[in-house]
Every structure is written in C-alpha cells, then in structure tokens.
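Only one chain is included here, represented as structure tokens and corresponding to the form predicted on its own.
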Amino acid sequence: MPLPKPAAPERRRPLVVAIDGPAASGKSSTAKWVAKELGFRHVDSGALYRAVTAAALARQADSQEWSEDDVLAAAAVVRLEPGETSFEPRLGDAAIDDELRGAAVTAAVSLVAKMPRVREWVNARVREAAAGHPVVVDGRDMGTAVFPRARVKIFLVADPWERAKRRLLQRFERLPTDEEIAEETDALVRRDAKDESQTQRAPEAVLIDTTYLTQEQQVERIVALARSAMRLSR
C-alpha cells in the first residue's frame, strides 16, 4: 500500500507592516517612506475611503442625502492601480490625487468611513492588494480588523497641536500662525472623537509617539522592526 504523500508546506504570506493612528499622525507619509526603504508597496486605505467619498460626491453633492447603498454604488468605479512603489486609487482611469485632499472630500469622509458595508468593501480591496506583495498599509483598523495576523503592527500618536501644525505646514507650505494651529487642533480633536471606534490600537502594536521625533527617526524605528520580523521568519 503506497504511503500517503506529505502535505505541501503552507506558503508563507507576504509580510504586512500595518500602521494605525489618529488623523494627521503622519501615517501615510511615514508608511510611504517605510515601503520605499523596504522595497515593499504602500497601500493607503485612507486614500481609498477618500476615493469612495469623491465618487459619491460626483453622483450626489449633498452627503446628508447618502445612503450606504448609494455610496457602495458609487464605489463601483473606484479601483486600486498597482504602481512600482504603491497602489493608487483611481476613479475609472482618472487619477484624483489633488481631489482626494480637497475640502469637500475631507468634510464627508468620516461619514463614509462609519458605514459598515463600505468599510468591508474598502478592507477587501486592501487585502486583495496585499495578497501577492509585501506591503506597508496604513489607515483605519489595519492591525485589528483588516490584518489581525500582521507580523508588524505600529500605532502612531502625537500631540494634537503638533499634528495640526504638521498638517498646516503641508497644506500651506509655510509656517502657520498660532491662531491657525489652534483652529486646526480644534478640528482634529473633533475628528478624533468621530473616528474613535475605527482607530483602535491592537494590543500587540508597537506604540510610537512622534511628537518629538523627526520623520526620519520614525521611519528608522519601523524599518528596524520590519527587518527583525523578516529575519525571524526565515
């Protein structure tokens, strides 16, 4: 009687570095830099939520009229385009980078992100992107709901004033005034309250307070953690 064939070894999944944190904590820019250092692709789930919001706005400008079915129907034109270093959201074939950071999308994206079936749709697209490539992902629920088995989980935090200052520096390309920072801090604190249920830290995630760190220092820490995980998995 022939012996049964041994089971084929389970193929190890590509490494996922999952980065979570509140709005304007520097997740996307840091994740993009980390991906470049590691030779991975970057997936920004927040940009995907913004793309869905932009698609919904194109169909119906008044977000108060949106139902979850309306937003999911609008999402049908949204896709992630794989590039050399990242996956970029598109509306059909159109690039929408500038539109994603516009005031209209910013005002409505929290509403969209709270819709359970929209979150499921976004999470499925992010998992698809990560299925065949090592990735650095950032956004909502990355280390909890989306990639609970990710081998590297990071949670970035920073003082709200510092987060507001960084956001305005990026937006204005000049040093903001204290009054401008105070107004933006107020907006971020309100946004934190809205997003609290979707911005949970996984128990095993490494907490990095970036208030007094340069972005280079943040990147160095995360890259070191990722490379350590890669060595242990060999």
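Because the structure is predicted, anything quoted here is derived from the model rather than measured. Residue positions are given as counts along the sequence shown, with the first one as 1.
Here the subject shifts to the form predicted in complex with a small molecule, a form of this protein not shown in this document.
Remark: of stretches 75-83, 91-99, 107-115, 148-156, the one touching the small molecule in the model of the complex is 107-115 (heavy atom within 4.5 Å).
Proximity of Y49, G139 and M142 to the small molecule in the model of the complex is complete: all three residues have a non-hydrogen atom within 4.5 angstroms. Taking a 4.5 Å heavy atom cutoff to the small molecule in the model of the complex, the contact residue among S63, S29, Q198, T185 is Q198. Interface membership of K36, defined by any non-hydrogen atom within 4.5 Å of the small molecule in the model of the complex, is ruled out. Within this chain, R191 lines the site of the small molecule in the model of the complex, having a heavy atom no more than 4.5 Å away.
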